[in-house]
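Presented below, as structure tokens, is a lone chain in the form predicted alone.
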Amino acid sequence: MAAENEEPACRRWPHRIYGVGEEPDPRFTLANERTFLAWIRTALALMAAGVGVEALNAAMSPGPDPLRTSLAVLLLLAGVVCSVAAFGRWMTMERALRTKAPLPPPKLAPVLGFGLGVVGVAATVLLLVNGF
């Protein structure tokens, strides 16, 4: 029974997170995991929107529309950035929880907020240029 409790951090990945500090309250760890999953859902939604815009581009116009393609690429890139940054944020938060350090500010939120604002403006321009 004692063997199960010996250095559990060595068995968990990423080692650089679980090798420091002490085990936080499980509620905080689970909340951090739920936040990570929410960011992943957001990333999937962004990528799905990008694929949808490109599918509309292919279905509605005889040739490729550069504005729609740009919008699709912008959405896909936002999804990729959101996905990659979500894991980095999870690691940063987990490390802060384990070391009882102050929680870092959300770096992803302003990037995503302003990025989606740009996408919204691009979608509006697309609607105005190509009609409804």
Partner chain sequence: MQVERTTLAWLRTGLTFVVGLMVLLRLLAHRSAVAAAVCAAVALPLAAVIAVASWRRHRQAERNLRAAKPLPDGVLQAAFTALALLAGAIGAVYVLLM
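Residue numbers count along the first chain shown, from 1. If you're wondering where the values come from, they're calculated on a predicted model, not measured in any experiment.
If you look for the form predicted together with its partner chain, you will not find it shown, but the lines that follow are about it.
Please check if residue 34 has a heavy atom lying within 4.5 Å of any heavy atom of its partner chain in the predicted bound form. Contact with its partner chain, yes.
Partner contact for residue 30 in the predicted bound form: its partner chain, 4.5 angstroms, heavy atom: Although its partner chain is absent here, residue 30 would touch it in the predicted bound form, with heavy atoms inside 4.5 Å.
My question is simply whether residue 16 lines the interface with its partner chain in the predicted bound form - judged by any non-hydrogen atom within 4.5 Å. Although its partner chain is absent here, residue 16 would stay clear of it in the predicted bound form, with no heavy atoms inside 4.5 Å.
Quick one: does residue 26 come within 4.5 Å of its partner chain in the predicted bound form, counting heavy atoms only? Within the cut-off, so yes.
Please determine whether each residue of 40, 73 and 84 possesses a non-hydrogen atom within 4.5 angstroms of its partner chain in the predicted bound form. Every listed residue reaches its partner chain in the predicted bound form, so yes.
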